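Okay, so here's just one chain, in structure tokens, the form predicted alone.
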Amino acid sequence: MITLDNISFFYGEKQILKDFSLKIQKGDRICLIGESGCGKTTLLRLVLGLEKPTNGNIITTQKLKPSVVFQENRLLPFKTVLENITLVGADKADALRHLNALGIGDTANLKPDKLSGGMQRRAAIARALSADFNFLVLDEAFTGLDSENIKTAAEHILKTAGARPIILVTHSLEEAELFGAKIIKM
């Protein structure tokens, strides 16, 4: 599906990635773990096409339709939770199904500033799962969630994603284990 072939990337004079290779195929669960600043988010940005590699190639075998949970919630403050989710093209019933599965169905008509940080995080996850995607990117998707909500969210993400590949960035080996992910230390 996606092949990163000897990718290198520089920000100015600083090299972030050097000769990095990875294949992401149907059904893969890949977890990137490493210290802050080691290139995990940069790698995601390259996969998503938001950055171009300095050297190397990114090869895709089909048109990519990614859905992303970014490090920040990125919820529009002037829209309700439900409106934030339907902006990605989801119908209301599907959006509500995801909100209910994540335990925040009763927040659908509230604006994000009325939600706790953990609830906003789950709304961002519901938005990503409501989109039409063929691979899922989770960049520290569980920040601010307690262990029970992380487990519930991970189970729902896996059920929703099915055989679509998932690539996640986390600092937690426990989160990687919830996904049965192949761990890549950067």
Partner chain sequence: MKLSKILKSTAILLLWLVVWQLAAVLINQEILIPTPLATFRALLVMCRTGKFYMSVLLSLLRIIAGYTAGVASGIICGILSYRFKTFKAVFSPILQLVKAVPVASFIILALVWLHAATLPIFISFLMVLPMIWTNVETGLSGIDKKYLEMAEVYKIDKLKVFFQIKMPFIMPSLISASLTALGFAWKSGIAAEVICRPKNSLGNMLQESKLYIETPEVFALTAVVALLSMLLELVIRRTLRRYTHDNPR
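Remember, predicted model here, so these are calculated numbers, not experimental data. Positions refer to the first chain, counted from 1.
Omitted from view is the form predicted together with the partner chain, to which the following refers.
- Contact annotation: the partner chain lies within 4.5 Å of heavy atoms from the stretch 126 to 134 in the predicted bound form, the single such stretch among 54 to 62, 147 to 155, 24 to 32, 126 to 134.
- Remark: K92 does not count among the residues lining the partner chain in the predicted bound form, judged by a heavy atom distance of 4.5 Å or less.
- Contact check for A161: every heavy atom lies farther than 4.5 Å from the partner chain in the predicted bound form.
- G37 falls outside the set of residues with a heavy atom inside 4.5 Å of the partner chain in the predicted bound form.
- Interface membership of S67, defined by any non-hydrogen atom within 4.5 Å of the partner chain in the predicted bound form, is confirmed.
- Along 157 to 186, a non-hydrogen atom within 4.5 Å of the partner chain in the predicted bound form is carried by no residue at all.
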